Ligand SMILES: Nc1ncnc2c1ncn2[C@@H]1O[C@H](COP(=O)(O)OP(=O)(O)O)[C@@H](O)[C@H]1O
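Have a look below at one chain only, the form predicted alone, in structure tokens format.
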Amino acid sequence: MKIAIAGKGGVGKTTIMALIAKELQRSGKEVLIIDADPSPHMAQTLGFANVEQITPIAEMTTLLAERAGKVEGSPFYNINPQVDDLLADFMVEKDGLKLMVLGAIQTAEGGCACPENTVLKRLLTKLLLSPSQAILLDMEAGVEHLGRGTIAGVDQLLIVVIPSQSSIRTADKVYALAREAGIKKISFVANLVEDDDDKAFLLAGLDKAPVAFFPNSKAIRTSERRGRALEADPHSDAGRAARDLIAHLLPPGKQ
């Protein structure tokens, strides 16, 4: 199972993806998270030590040039780069959760993100998973990655939306582009929901109802501010929302 998460910047994609990862792990899945956000925070959210020492794939410029196979003086890249060994070379692990960080261009004139996205797309399409394995892909904010076809190889797309007009507009645009890209399973996930008015606002503004409603959690904000690993009390509203989402992703018979 390959699941991507998208949405407007600041809606809490990384937080929800981290909660999903831990719930999938509790359900017995072997979980690999790929942080493809240009400003990666998943390592800190999951509590990985020495975050600054994790080498993003995008910083391996020589390797990327070789794998993407760009011909000197040409704008074209190899669409079928070799990626098998990347799983071992660029993966870190903590408490059974595995993480890869794609990273992004770090200079003002670094050019486009073509090589790293070529490698990421190849990773997603090449990896064959057993029923006990799951890949979670934390995408960059907005809609650009859909235009590049980076997530064409995923099984499900989760679009995180908060109770605001701008978030709903972005979510609707992501939904439309994802359908054009051929992704069959697309769901909305509500976040930062405080009351029934917020729920009603989202239900009225979206084309389909969210499959889970995550609260505006003080405990989660406190964990982030203190740089602690994200944990949700299983009996809290956030814990229940995470279980609702896993029930949607893994219907009876697939858990």
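One rule holds for the numbers: they count along the sequence shown, beginning at 1. Since the model is a prediction, treat every value here as computed from it, not as a measurement.
Below, we refer to the form predicted in complex with the ligand, which is not included among the displayed structures.
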Using a 4.5 Å heavy atom cut-off, state whether Pro210 contacts the ligand in the model of the complex.
no
Is His41 part of the interface with the ligand in the model of the complex - any heavy atom within 4.5 Å?
yes
Does Asn216 reach the ligand in the model of the complex, with heavy atoms at most 4.5 Å apart?
yes
Counting only non-hydrogen atoms and a 4.5 angstroms cut-off, does Asp198 reach the ligand in the model of the complex?
no
In this chain shown alone, the residue from Ala241, Ile20, Ala232, Val11 with a heavy atom within 4.5 Å of the ligand in the model of the complex is Val11
Any chance Thr15, Arg221 and Glu224 all have a heavy atom within 4.5 Å of the ligand in the model of the complex?
yes
Residues of stretch 159-198 in contact with the ligand in the model of the complex (4.5 Å, non-hydrogen atom):
Asn191, Leu192
